[in-house]
Each structure stands twice: as structure tokens, then as C-alpha cells.
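The chain below stands alone, shown as C-alpha cells; this is the form predicted on its own.
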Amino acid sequence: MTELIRTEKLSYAFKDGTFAFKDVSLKIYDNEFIIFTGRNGSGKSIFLQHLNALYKPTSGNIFFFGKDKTIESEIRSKISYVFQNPDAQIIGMTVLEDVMFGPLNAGQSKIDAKIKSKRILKQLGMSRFENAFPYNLSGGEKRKLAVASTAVNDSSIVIFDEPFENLDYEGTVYVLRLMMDLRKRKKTIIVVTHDLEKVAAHSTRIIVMNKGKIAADGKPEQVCPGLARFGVRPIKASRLKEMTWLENEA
């Protein structure tokens, strides 16, 4: 496996001196499907936003693609982040414009960006909203738009922060299928979620954060049975293969 990201004793403290997370060291490799889980407030999201250069650490080191110095624009072209709040990343005046923004910003032609954006909107069941004003969408539709606007980019890593929130069964299946498509294209997927039963069967690794520390990190069959002590519903190792909302795709 090829190392994509490495953190060494990474820490982030708020202005009042309290730590969101402290001394976190881990490595992320190509073609992984990682679930980040743990109690609310355990530091998951803010840690992962360091991996997209949205935050700068208080201390410690982070290496992107084998480099200790990488410009933010290069990082964000290779590492995409789907925010928990979809309103935070709406840019376009229409749904199609919003999805096209990333490819256009990366230098693709308008024709190519449009074709690519239409394809991913169709994949997510969002074609009928192409000309809609994004803020008029429902919560679930906005979430799918956020997924489309991020996944349309040709990133090496795609981070999904609570992607199933406000999604019904159909919406969840659309997003899971998109994740599987990204996997087929050898992308590394990182999912922050408490809804492990929707996606655990597809994961290669589960990382649990607790009180700003990595409390567990390993294969799903090793980590899942002990999740209860970290405030997450445990899963029996024998049931892992059926823990997906995709039929016949575990």
C-alpha cells in the first residue's frame, strides 16, 4: 500500500486552551475504506478537517503524499471533504452550476465539466433538480448535492462527514452506490458516522476517537465488538458482512 497521509503527534487546541484532540499519530493509505466513529465531541470532524488543510495544527506534523510542505490548493485538489452541514459548501446559483464549480476550477472545459456533473447528478437521482436554486432543496437533497459537488472532483481521498444524516432509504442507497463507484476507481474513502450498520460491510478499517485520542484502530472484525465502551452501538463480527443497505453488494 502507498502512504497518502501521515500525522505525528498532531494536536489542536482552542483559544481557551482546551484540546479538540491531542498527540494523534496515524497513517492513511491508498484504496482504504475507513470509518471514523466515536462519541459526539470526541474530535473526529476537526481532526479530519486538518487532513484537508481547513485547520492548522497547534503542534505536531502532518505529511501529505510524502511531503512535509504542500500548498493548500494542491492538498484540496487531492483531498475532498463533504461537510456535515451541506449549506456550508453551496456555491452555485443552480444545482448544476454548484456541481460544475469544482471541475471548472480545476481547469476542465465547460463542456467536460457539464457532462461530468450531469452524470453524477443522475447517479444520485438528482437530475430533475439541475436548474433548481440549491437553498430551496430539502435537507436530504442538499446533502446529496454536497456529495455530488465533492465526489465530482478527481480526488485521491474523499472524506464524508455524517453523509447519511437526513437521508431516507433511497437517498442512503444512492450515496452508498456512489461510494462503491469511487472505490472501484481506487479512491480512499473516509466516512464519519455513527450509522455503522449502513456501511460497515464495505469498510477495511475502523478508527474510534474518544476524548481527543485514537482509542481503537483496526480491522472491522477486531474493533466492532468493543464499540459500546466508546458510546457506539457494537456489531458482532459474525454479522459484519450483512451490515450494509446495499442489497447483494456486501
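So that there is no doubt, residue numbering starts at 1 and follows the sequence shown. If you're wondering where the values come from, they're calculated on a predicted model, not measured in any experiment.
Keep in mind the form predicted together with a small molecule is missing from the figure; the text below concerns it.
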Of I46, A53, A215, L26, which residue is found within 4.5 angstroms of the small molecule in the predicted bound form when only non-hydrogen atoms are counted? I46
State the residue from Q84, T94, Q123, N166 whose non-hydrogen atoms include one within 4.5 Å of the small molecule in the predicted bound form. Q84
Contact flag, T188 vs the small molecule in the predicted bound form, heavy atom cut 4.5 Å: no
Would you check, heavy atoms only and a 4.5 Å threshold, whether G66 touches the small molecule in the predicted bound form? no
Does the small molecule get within 4.5 angstroms of any non-hydrogen atom of Q222 in the predicted bound form? no
Does any part of S42 reach within 4.5 Å of the small molecule in the predicted bound form? Heavy atoms only, please. yes
Name the stretch: of 34-42, 200-208, 58-66, 177-185, exactly one has residues whose heavy atoms fall within 4.5 Å of the small molecule in the predicted bound form. 34-42
